[in-house]
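Next comes just one chain, in structure tokens: the form predicted on its own.
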């Protein structure tokens, strides 16, 4: 689907605050409410807009310990990769998983309450996954920037 300048501006507005009314977006874009409604529906139908979510404060839910964990698999067979990816999808503490090039195979972003929770996660969940050769963890000292918006 080809996006025009208005689609991109609408997407930026939705990424900033998706709880506004269609009328409010129409006013900001200089369009009719119907035109904006139809654009949003088209963007949803095409999969450009994947979903609408509430962004929860980590402090308020006591999940402020953020870990980036590099994973190296023992072997890079298709089955080992598929099995690892199936298993990591089941781990609620893992909020992001990226298959990488370079020295490590995967990078996981893990959110837990504290170091004790991370240790329990590592011992009882992560290391229970077959074919992990090694891990290397880095802990966030301070989150300098965090955005869920895709730059358009």
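Everything numeric here is computed off the predicted structure, so don't read it as measured data. Positions refer to the first chain, counted from 1.
In what follows, reference is made to the form predicted together with the DNA, a form of this protein that is not presented.
Trainee: Heavy atom to heavy atom, is residue 16 within 4.5 Å of the DNA in the predicted complex?
Mentor: No - in the predicted complex, heavy atoms of residue 16 and the DNA never come within 4.5 Å of each other.
Trainee: With the partner left out of view, is residue 35 within 4.5 angstroms of the DNA in the predicted complex by any non-hydrogen atom?
Mentor: The answer is yes: residue 35 has a heavy atom within 4.5 Å of the DNA.
Trainee: Please run the contact check for residue 109 against the DNA in the predicted complex: heavy atoms, 4.5 angstroms, yes or no?
Mentor: Because no heavy atom of residue 109 falls inside 4.5 Å of the DNA in the predicted complex, the answer is no.
Trainee: Report yes if any heavy atom of residue 41 sits within 4.5 Å of a heavy atom of the DNA in the predicted complex; otherwise report no.
Mentor: Yes - in the predicted complex, heavy atoms of residue 41 and the DNA come within 4.5 Å of each other.
Trainee: Go through 118 to 126, 100 to 108, 24 to 32, 62 to 70 and give me the stretch that gets within 4.5 Å of the DNA in the predicted complex, heavy atoms only.
Mentor: Checking each option against the 4.5 Å cut-off leaves 24 to 32.
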